[in-house]
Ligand code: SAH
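For reference, the chain that follows is the form predicted on its own, supplied as structure tokens.
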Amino acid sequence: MPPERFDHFMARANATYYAQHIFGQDFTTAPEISQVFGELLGCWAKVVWQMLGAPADVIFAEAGPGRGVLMADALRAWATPNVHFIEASPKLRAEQAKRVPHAAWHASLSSIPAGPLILIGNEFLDALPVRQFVRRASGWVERYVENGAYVEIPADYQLPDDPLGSVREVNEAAISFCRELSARDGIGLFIDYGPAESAAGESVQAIRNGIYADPLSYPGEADITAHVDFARIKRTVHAQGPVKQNQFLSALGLYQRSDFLAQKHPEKALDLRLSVQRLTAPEAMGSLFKVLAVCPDHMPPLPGFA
């Protein structure tokens, strides 16, 4: 079998992984930590819908919806009936249907019907495949995978003049998704981890059975992700942000909503406080995770980005 370009390897491995695993077995995402996370995103989407003039045919979509927890929580804040999921895994679709039975499912953004669109993507872009380049004395080379190991092939790709040994990751799939969303004047809210500015560095990681693993050793058995290059996306399409997750959630009322629930359900008060800390603490998810809104350039500042 010839060497396989790394992004093709990553795409194939993740497709197999998500077809066989239930989301949340190996890691925990923000919607699983606190119901408030999804409720706030539902409020955010409702306000954005109102900013659009409250069109009756608006589509509320989620890309990579996991078990459907985020959308189920969001719909408590905005009970819109026109819900669409972008999800290829039959196993995950079945999980999502338990929580949002009236949703419509799609394998890609292209099959979502035309019309006003508000889309949420929480830890979606990080799972899209990246190309990896390494700077050698002879120039840039690209990583391929052969027999469970990296091989390097000379690359004709325009990249910065980084020091020898530098690694650059290019997420063409994420760029393509955001371009497609922007081309249809959709509004997309993306919450994911990565730096605010583009930089050299290797960020690909794999998690298997709850612990870090070699990305090449267990294809299809581990979740492979990479940091999102928010700055590159913003250079490609019009967007607001990125802002840190703690700043965004605080602006949307995370503390007030959590305090309200703690007063209403005292037995859950400690869990609510711990969940807020996990979502906002700089050493947890608060600073590493960023929020970016892809939107038409005529939109005023969206909630959380003022």
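The shown structure was predicted, so the numbers you read here are calculated from the model rather than taken from an experiment. Numbers for residues come from their place in the sequence shown, where the first is 1.
Beyond the structure shown, there is the form predicted together with ligand SAH, which is absent from this document and is the topic of what follows.
This chain lacks the partner; the member of I175, L128, L117, V134 within 4.5 angstroms of ligand SAH in the model of the complex by a non-hydrogen atom is L128. Taking N246, T29, Q240, S275 one by one, only a single residue has any non-hydrogen atom within 4.5 Å of ligand SAH in the model of the complex, and it is T29. For ligand SAH in the model of the complex, the listed stretch (120 to 128, 145 to 153, 211 to 219, 193 to 201) containing residues with heavy atoms inside 4.5 Å is 120 to 128. When contacts are defined as a non-hydrogen atom within 4.5 Å, all of P65, A88 and L92 contact ligand SAH in the model of the complex.
Ligand SAH in the model of the complex comes within 4.5 Å of a heavy atom belonging to Y18.
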